[in-house]
Structures are given as C-alpha cells and as structure tokens.
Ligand SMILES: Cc1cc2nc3c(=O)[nH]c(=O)nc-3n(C[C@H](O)[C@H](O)[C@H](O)COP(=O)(O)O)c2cc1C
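In structure tokens, one chain follows: the form predicted on its own.
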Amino acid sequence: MSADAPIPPADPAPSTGSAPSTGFAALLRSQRVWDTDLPDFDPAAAPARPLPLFEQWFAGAVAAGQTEPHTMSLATADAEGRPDVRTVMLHGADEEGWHFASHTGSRKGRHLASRPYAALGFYWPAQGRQIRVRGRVGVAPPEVARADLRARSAGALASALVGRQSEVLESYEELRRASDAAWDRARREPDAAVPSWTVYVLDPDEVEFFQGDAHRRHVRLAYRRTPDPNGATHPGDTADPNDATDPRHAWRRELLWP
C-alpha cells in the first residue's frame, strides 16, 4: 500500500436517492469490502509462468488465515452451452494443470464429457486477491483417481462410495441409509474402489491474478499461453518443468484495466 496518503476504508454501495432502504437491501448495502490492510503486488517482479505465482499466493493466503483457501468455483457448460458453477476442492496444481475430482455421472462430469473446457475462480478476501484459470480439461488415468481416494479421509471415501451425485433424492432418510452403509464399508475397506471417481486436470490457456487496492487501482496480471511450435499436448510431457525458457512453457504476460 502507498505510504504517502491515508487509505480510505472500503465504501458500501451509494444511495440511489430513493426512500431509505430496509430489509435485505439495507443489509446488502451495509457490507464492506477489504476492510483490512492489503498486500502490495508488483507485476513487474512476477515470475515468467503462472504456477509459481499461484503457489506463492496460496501460501500467502494460508499465512493470512484465509478460510478454506483450497476451495474454488468451477464453471462448466452443458451440451447446449448453458453455464453452471459450483464450489469444489482443489486436489493439486502442477505443470500439467489444476486438479479436481468428481464422479463421471455428476452434472459437472456430464458437462465435461460433452464440453471439455472449464474455468476456475479462487477468491481470498483476507488479502483482496482473486485468481482465475481457464482452459481445456482432461481426465487423469484411473490409478491417479484411486490414489486420490486413498490419500483422503474415511469421510471422503464414504461420500464417494455413496455416489449418485446430482441424481434426484426421494427422501433424506434414503441418503442417511446409503451414507451409513458407505461409512461402514469405508472403515472396513479403506482401499475400496469407486469406478466412477475421476480426477480431472485443467490445462490452462489463461491465468489471471487480481490484487485489490483500497484506492480501486486494482492490479490485474494475465498470463496467456503462447502457441507451442512443437505441438506438445501438455507442457510436462516432454519439456523440463523447471526451464521457463522452453517454448512449451512460453507465456505472454499482460496488464489489464480493472
């Protein structure tokens, strides 16, 4: 933050000039944004690739006490192009992409089967930061999905064993019975297989980092993948992930107006 002038607190939405608001509208307009000290972000000092910056910002969010920084919005579209969004958990991020998991028969799984593109959104208000990721989504090998389940808790395995995600539920009691049976099996068989459980990997074409500013001079740094002259499907397939000069890892950086 600039040290040459005091930073005003974030303001609620201005009045429309009509009668005083009551109820929900008043509650909405009373909310404040980033009523805290925000970190500096110098885009000129950002690394050449987005993944190291994502790792730095994630560690910063954890250190700042951000609640559940590993949750993210996942946007997909159905076969007709109608969008949908939900909150899911990040399972990993590496040179192949950003990883998340679900059942193939879930709504998101069906969307990705017909339109294998998605967007992710991270919002960390503890530091006034957002990260947006967009690109093609692929499916990891089945052994990766099995390892993903083994690495998680008994509760996560039980939830996966219940399955039937996004199907119509006739009654909550039906869910209770299925969940009790799944918990019992998860305790007895910690390596139980869930064939529909799938790890998806979003290989990004664009990654944007947004740093909020109390003066509304927000910093937006966008990374855009440049064409790969060697035609590699994934950067990690043949390139050295530590070599930012390799053309498979080439990114163009651009500042965007807020």
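Numbering starts at 1 and runs along the sequence shown. These figures come from a predicted structure and were not determined experimentally.
The next section is about a form of this same protein that is not shown, the form predicted in complex with the ligand.
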property	result
The ligand contact in the predicted complex: R146, any heavy atom under 4.5 Å	no
Contact of T71 with the ligand in the predicted complex (heavy atom, 4.5 Å)	yes
Q165 within 4.5 Å of the ligand in the predicted complex, heavy atoms	yes
4.5 Å heavy atom contact, A101 and the ligand in the predicted complex	yes
Non-hydrogen atom within 4.5 Å of the ligand in the predicted complex for each of R86, M89 and R107	yes
Contact segment among 118-126, 89-97, 132-140, 177-185, judged by heavy atoms lying within 4.5 Å of the ligand in the predicted complex	89-97
